[in-house]
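Only one chain is given next, in structure tokens, and it is the form predicted on its own.
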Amino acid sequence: MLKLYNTLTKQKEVFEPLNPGKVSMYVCGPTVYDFVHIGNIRSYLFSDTLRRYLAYLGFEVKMIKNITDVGHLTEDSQGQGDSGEDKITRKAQAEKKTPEEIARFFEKDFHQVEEKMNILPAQYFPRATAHIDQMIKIVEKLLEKGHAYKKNGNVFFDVTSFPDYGQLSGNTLENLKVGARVEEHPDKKNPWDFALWIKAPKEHILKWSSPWSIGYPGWHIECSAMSTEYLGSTIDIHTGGEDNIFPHHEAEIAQTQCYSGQKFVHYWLHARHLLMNGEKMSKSKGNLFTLPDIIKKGFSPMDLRMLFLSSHYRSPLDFSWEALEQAKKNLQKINDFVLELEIVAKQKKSGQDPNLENFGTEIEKALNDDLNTPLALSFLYSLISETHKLLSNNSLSSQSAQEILSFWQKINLVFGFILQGQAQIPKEIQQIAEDRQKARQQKDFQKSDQLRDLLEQKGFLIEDSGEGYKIRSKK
């Protein structure tokens, strides 16, 4: 029985989809004005793992992940995120390119990063700029129902018209009045009202015609338009990073429910921040790393995937190279384990069998408890340890090796690791290893040692076991 922590209710709840056997899932995607950093990747990886586990449980998952290519302003951490410059426009002006060139370049990079991280692609990646008509339709309805007002070509949502405002984040109007101050906007009735449509200055590049002005949409209205367009008025799951909770997701709830008259999302799930020396990793702070930075340091995308899965998504994770090094070792442990099993599975031998059923039950129990991936991995490590005892005694049966491999392949549908594998070892290296194995069998240990040294010079390590040998890269 899967239980998920719902940010809206502040408790774990049994997951029950709107439609039996099917799950609708919306993921807040990137604003494509810069390279994706590893803090972003953590959030996308969490959503990917959830989607994978839902599929593992037999659900048919329809995931939408939007591409924000307009309307996300530079001062998104202040007030309602509707002041400042458009991030993509500013980048375009700085690089003397068009907003379209900027958006498509960084959108392509985002997709490449997800592919390298083995994050399954969403069914659709709708772009905000392709859904302006849907946004205008929602804004018109909100005006008609009295939840929005217009002034000087701008349209704002009236937060006082939605009594449940603040339920997700705790930022109710009462709390906001005594909390952080927000710069007064001359056209707003209430400083915490947020923009649905913004009149564009003459020099503004990204703008469209609307019933109110030539302008552009507010950031928040975009996700409401795209989620309802592809998933309907009410959806099962909405995910994002914790920085999306307020104001973005709070605004999404208000405007969408006032537009449709129905509950917007049943389960809100948020990944905690990735920290660097105790501070949030972000572009504005300049304390971030990208996937190429990780690779330049000698780590793989799968090492980073292991690091993120080794921490619960609702726990803040303080990034360090030491932690990434340990994740790399843990992934290598799994890789070596699988290679050993492949060797034994090809042989015909009898022996003992570990209790796979118990391990499978414990792993699923961990994942059912709000996607507890670190606990699930710990049970996988226990299986590896128990199996290694049998391997060291040369007492693991070939049938058991194959069954464990099948079990691994099934559970890895959730973890999503791409292992190094013996097949990726260059033929030249495999030949040297074979020559060394023959030398050992002929008790020519001097030649055997020379060939081992040669392998190390070429960047590979060879490890002997009762079942033969295995090769792995030193990197």
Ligand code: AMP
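Numbering starts at 1 and runs along the sequence shown. These numbers were taken from a predicted model, which means no experiment stands behind them.
Just so you know, the form predicted together with ligand AMP exists too; it's not on screen, but the next bit is about it.
- In terms of contact with ligand AMP in the predicted bound form, the residue from 168, 135, 281, 331 that brings a heavy atom within 4.5 Å is 281.
- Taking 116, 272, 150, 266 one by one, only a single residue has any non-hydrogen atom within 4.5 Å of ligand AMP in the predicted bound form, and it is 272.
- Within this chain, residue 44 lines the site of ligand AMP in the predicted bound form, having a heavy atom no more than 4.5 Å away.
- Though the partner is left out of this view, residue 62 does not reach within 4.5 Å of ligand AMP in the predicted bound form, counting heavy atoms only.
- Remark: residue 244 counts among the residues lining ligand AMP in the predicted bound form, judged by a heavy atom distance of 4.5 Å or less.
- Though the partner is left out of this view, residue 40 does reach within 4.5 Å of ligand AMP in the predicted bound form, counting heavy atoms only.
- Contact with ligand AMP in the predicted bound form, defined as any heavy atom within 4.5 Å, is confined among 187 to 195, 342 to 350, 258 to 266, 272 to 280 to 272 to 280.
- Residues are counted as partner-facing when one of their heavy atoms sits within 4.5 Å of ligand AMP in the predicted bound form; in 6 to 33 these are 28, 29, 30, 31, in sequence order.
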